[in-house]
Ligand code: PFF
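One chain follows as structure tokens, the form predicted on its own.
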């Protein structure tokens, strides 16, 4: 690690790492797939999968980043350069660069929607919300069809994210995430408390924690989400851990990130299920969808029907915007780290150039959600995706992330000398007695799980 490389403080690293892991997947996707897979038993299997698949891979990214003090590309090059086939293995380090470049084209757009709906809900709360579900849905479709506005909301989130990353690791990312993460947790807790007196709260708890049958599809979904929820495969955690102090324990930090990420997902389930089970059963089928767009169509009407809905509806979108912001910050920082380490660019130059690339990629993406017919109907993967937006999401979720995760497990499980890894684990931690367990999970369990995911993707399944 170079002397000039900034380091997070202990609390700053945890806040940044948790922030990178928590995003729309925790607030929306996890409640959706839990609802779709009948709750209780699925949650138990998911928790087991986090322990056996997600956590070992997260610890591997922490180890790789701190040991090399480099970005994902440089880290894979450094860790494999003296090993047989090093150049081939190092190619896995370039995949996160492609991943985050594509993610910047569509995730910032959805993040911009949350910011827009924060403002819109404040207006609705002040003027009195009297729209029907059909009117809310029609309003969102009109919003999507407005191409200049779509580009504008993407640009707004790009500017906010770039301004924070431009300030640097300590003054920007650490300072902001140490403020935002407690606020995010507080807002989510406030929503959960507000859900307690609602008619759907008791049914939400029963649904979330009851034990029932579990299908093979649900088992695969649990394994897949345990991998995706922590952001493994994007290279973000490799970058953040390259700013990690040698005095800090990789193991304790990694497990804390996993626990906090999981808790956010479970509390989000309680909030969402309390809303869903508070409406007539006939309306629940339209309340949840795999597409996050439902968050802007049926959900606003339900939120305003909630007790204190005029306060809670804007707060909910503030919460989602905060979650999205911590993820966009981490993605941009990863690419800035690559540009700084490998190309020698200044932070200012890297932030500006990469942000402009995001905007360039975002133009066809923003126009593909309704403003431009050709871009909205583009289907290179057939029925698995529709439009540039969906195609980018499909490519990242189903191919780039699993392949990078597979490369990570193979490199750290089989290519790198194991005594070197154990030594790095024990720096700042002490004797790591469970190293053989981690070694087995990263060598055997994680690759099998990821290969299972890839096999299903080849067969036509989508995890996007």
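Between two forms, the rigid core is the largest collection of C-alphas that superpose within 1.5 Å. Positions refer to the first chain, counted from 1. Keep in mind it's a predicted model, so treat the numbers as computed, not measured.
One more form of this protein should be noted, the form predicted together with ligand PFF, which is absent from this view; the next part is about it.
Taken together, the three residues 233, 441 and 446 lack any non-hydrogen atom within 4.5 angstroms of ligand PFF in the predicted complex. Comment: 96-104 is the region of 270-278, 252-260, 238-246, 96-104 lying near ligand PFF in the predicted complex, near meaning a non-hydrogen atom within 4.5 Å. In the predicted complex, residue 26 approaches ligand PFF with a heavy atom inside 4.5 Å. Taking non-hydrogen atoms only, residue 228 approaches ligand PFF to within 4.5 angstroms in the predicted complex. Though the partner is left out of this view, residue 450 does not reach within 4.5 Å of ligand PFF in the predicted complex, counting heavy atoms only. In the predicted complex, ligand PFF sits beyond 4.5 Å of every heavy atom of residue 15. Contact with ligand PFF in the predicted complex, judged by any heavy atom within 4.5 Å, is made by just one of 150, 114, 368, 330: 330.
Here residue 33 counts as shifted, since its C-alpha moves by at least 2 Å between this form and the one not shown after the core is aligned. The two forms, fitted on the rigid core, differ between this form and the one not shown by less than 2 Å at the CA of residue 329. Annotation: Cα of residue 184 displaced by at least 2 Å between this form and the one not shown, core superposition.
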